[in-house]
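Heads up, the chain below is alone and in the form predicted alone; it's given as C-alpha cells.
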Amino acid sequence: MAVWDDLIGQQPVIAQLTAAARDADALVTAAAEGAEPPRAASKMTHAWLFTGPPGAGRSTAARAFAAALQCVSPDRALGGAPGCGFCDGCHTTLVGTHADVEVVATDQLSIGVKDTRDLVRRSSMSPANGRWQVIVMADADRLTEGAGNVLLKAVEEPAPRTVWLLCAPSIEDVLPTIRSRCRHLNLRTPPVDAVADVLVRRDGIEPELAATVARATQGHIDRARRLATDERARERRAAVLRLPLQLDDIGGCLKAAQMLVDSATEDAKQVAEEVDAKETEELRAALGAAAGTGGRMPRGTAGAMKELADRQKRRSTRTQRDTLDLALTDLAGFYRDVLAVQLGTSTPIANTEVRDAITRIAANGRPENTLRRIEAVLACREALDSNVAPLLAVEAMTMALRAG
C-alpha cells in the first residue's frame, strides 16, 4: 500500500504532497551526487501547515508526507512517486521508529517553551540516516505564546535538510508570524461513504454499523472507528443523545449536567488507570527504587516524582475536557438534525437512532429556538476552553437549552 492510503477523501492534498515529495527527492539526490539541483521551481518547502476540521486527517497527512520524504524505494529512480509504503524509510516513519522523524502529539493542555526548545535544537541537526530531518507537530494550536516565539526562529531560518510539519484546526490557531512562513494545506471533512468504506475494508467492521457510525460522526474517521469498536463509547453517546428529553425542569437540567461531567470524569479516570500506574512504576524503577524497602525512593528523586504527578494531573484534565467536548459535539449534532427537520431540508439526519426524539422536539419548537440551543452548546465549548469550571459551564448550558 502507498503511504497515502489512510488519508481519506483528500485527493487534491495528496496530489500537492506527492509533487512536493518528488521535488524533495530530486533535491536530495542531486546533492548526494554532487550535481546541480533542478532548475525548475521546486514545489518543496521547509515548513508546512496542515489545517482542517476534526477528523479530516491533519496528522495523518503530515505523517504520510514525512514517510514520502524518507522513501528509499528503488522505484523512484524509474519514475515512481516517493511514498511506496513498503521500504524501510516509509515503514519506520509510519510506525514511529525512524531516527530522523520526530512526532509531537501532546497529551497535555499546552506545549511549553522547554519542550519547544528541545525540538528546535533537534531541528538544527543533520539527518542521521534518512534523507530529511522531519518534525511533525500534531498539536501546533497548543503552543503557548512563548513557545510559538521560540519556534518562529527555527521556521524562519531552518537547517538545509529540516522540514517542519505543523497541524492545527484552522489557520487562526497558529501565530500569524509562523503561518506566514508555512505553505498552507487545508483538508476537508471526508465524505461519509468513504469513511464507511474504509471501516469495512480496513477494520473489518460490519457494513451496517460502519454506515451508522460514519453518518453519526459526519466523516470523523477516528471517532467513527472508536464508536464502531468500543461499546462503552456507543453507550456514552446514546446517553448524550437522550439528554434533550430530560430538561423538563430545573432539577432535570442540573441532573443532566452532572451526568455529562461525571461521564467525562470517569473517562479520564479510566485513562489514568491504564497509563498512570505504569508510568509511575517505570519512573520509580529508572530512579532506583530499592527492592525490599517498601518502595523507598533514593534521595533527590522527589522532584522527578512530583513532576510526573503534575503531568498526569494535567493529562487527566485534558482528557476530561476532550470527552466533554465530544459529548457537546454530539449534542450540537442532535440539534442540527432538529433544525434540518424544522426547515424541511433534504439533508439526511445524522442521528437516525433517535429519529423519534428529533421529530418530537422539532414539532414542539421553532427554528429560532433550535438555533439558540446550538449557540448555547457552542458557548459551553468556548467556556471550557477558557478554563471555566466544567460543571458550572455545563449547568449554564442545560438551563439555556431548557429556556431555548
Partner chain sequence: MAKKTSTDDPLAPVTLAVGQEELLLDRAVAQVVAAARAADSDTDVRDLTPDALQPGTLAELVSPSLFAERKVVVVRAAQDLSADTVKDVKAYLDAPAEEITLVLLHAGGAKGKGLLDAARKAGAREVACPKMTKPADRLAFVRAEFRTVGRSATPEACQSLVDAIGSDLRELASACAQLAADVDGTIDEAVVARYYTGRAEATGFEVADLAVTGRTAEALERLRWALAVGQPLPGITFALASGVRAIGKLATAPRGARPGDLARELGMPPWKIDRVRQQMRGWSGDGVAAALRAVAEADAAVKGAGADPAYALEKAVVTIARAARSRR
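Positions refer to the first chain, counted from 1. None of the values given here were measured: they were computed from a predicted structure.
This protein has a second form, the form predicted in complex with the partner chain, left out of what is shown; the following refers to that one.
Mapping the unseen interface onto this chain, G303 falls outside it, with no heavy atom inside 4.5 Å of the partner chain in the predicted bound form. Interface residue remark: L254 is counted as part of the site for the partner chain in the predicted bound form, having a heavy atom within 4.5 Å. Using a 4.5 angstroms limit between non-hydrogen atoms, D249 touches the partner chain in the predicted bound form. Using a 4.5 angstroms threshold between heavy atoms, S126 stays clear of the partner chain in the predicted bound form. Considering the partner chain in the predicted bound form, the lone stretch of 225-233, 111-119, 185-193, 254-262 in range is 254-262 [heavy atom distance within 4.5 Å]. Against the partner chain in the predicted bound form, the set S386, M399 and R402 is in full contact: each member has a heavy atom within 4.5 Å.
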